[in-house]
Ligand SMILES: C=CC1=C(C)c2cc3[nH]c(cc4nc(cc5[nH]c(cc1n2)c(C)c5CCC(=O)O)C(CCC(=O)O)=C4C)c(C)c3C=C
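What follows is one chain in structure tokens, specifically the form predicted on its own.
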């Protein structure tokens, strides 16, 4: 590029509104030839603003812990990330061969995945977005729920730093638990529940709670000094989530000529799961479908739509149809106006920036008519939705949803059983 905006101006504008920060660059001819996925990477804030705290409320402080899969910050971290991912039988069930096949598959896939992360800027932006979202949400919560303030933001990733055990140790170092009590909310950043995602993260949280705070649960009066946990375990049809998705879709539809706009096919894309997990009774497909339907209701069913699935790994049967195949087949039928919507992700990461942008759209041959709706990222509507969810949860007095306590019909996992019993049995009233 012949001209560059100062980095400080670009980051400031992008953090406030990624889409609006990018459009002026294109209009000035500055970023005309820069791929869309690179612009999305530039739109990721390099640091989050400091969090302003109120005085401690009568029920505070409260730790808010965002749970997510995570992603390697650099290409050097890819090997360890994949090793943890393929070792997780909740996410990728390989049976009794997990200890052998997991390391074998991760080692073989590492060189390929390194190239993919290099193509999107050298690492995943998911930590930056997660920390930004959690910090901004906690600022709102300090005002909305002063009695539980200050709300302290934490991120706990399943397969990348900060790992669950690192975050738990930080909670203890910050004065939660270890005889001091205090309340923490485990807030899943998977809006739709799956045993492979939220379930796996909660199982990991429970494991480190047992290791770091002892196997004994709270006493009947709730005053044993351990962290008092509660869980926001699913939120597939929250009005704010639906509104944020709908606005992003409307913005993308506005890029099509008016005479073609209502005929654009909306392809909602979510991470797939092995059929063995689905047939066990996992609620994920139903909850993703619920989100899709709620978004389409908000859009007044303005466009035809379908739900498809991405990121299949290995030769076993997975939930379909696959997103890439769906795009190919619609184009072959003459339907070239398509908008992809990542409906189960709360921020950009490898599945959006590489798989959808570069593989599915980039290789479609119709990048001018096959587009992707922006991810939620720093969307203020979305962050307000997170705060509303947390506020209602804090006010509710429940430890988790009734749905979370129900195991899948085919569940055989003792760890899942014990984890659910623990979180469902927690009190949400911290000790004095």
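Numbering follows the first chain given and starts at 1. The shown structure was predicted, so the numbers you read here are calculated from the model rather than taken from an experiment.
Note that the form predicted together with this ligand isn't included here; everything after this is about it.
Scanning 236, 342, 71, 177 against this ligand in the predicted complex with a 4.5 Å heavy atom cut-off leaves one residue, 71.
Checking 196, 303, 167, 326 against this ligand in the predicted complex, a heavy atom within 4.5 Å turns up for just one residue: 196. Mapping the unseen interface onto this chain, residue 133 falls outside it, with no heavy atom inside 4.5 Å of this ligand in the predicted complex. Heavy atoms of residue 124 reach within 4.5 Å of this ligand in the predicted complex, making it an interface residue.
Although the partner is absent here, residue 268 is not a contact residue: none of its heavy atoms lies within 4.5 angstroms of this ligand in the predicted complex. Among heavy atoms of residue 273, some come within 4.5 Å of this ligand in the predicted complex. Note on the interface: of 89 to 97, 255 to 263, 334 to 342, 242 to 250, the segment with non-hydrogen atoms within 4.5 angstroms of this ligand in the predicted complex is 89 to 97. Although the partner is absent from the chain shown here, none of 154, 187 and 384 has a heavy atom within 4.5 Å of this ligand in the predicted complex. Looking at 281 to 303, the one residue that comes within 4.5 Å of this ligand in the predicted complex, counting any heavy atom, is 284.
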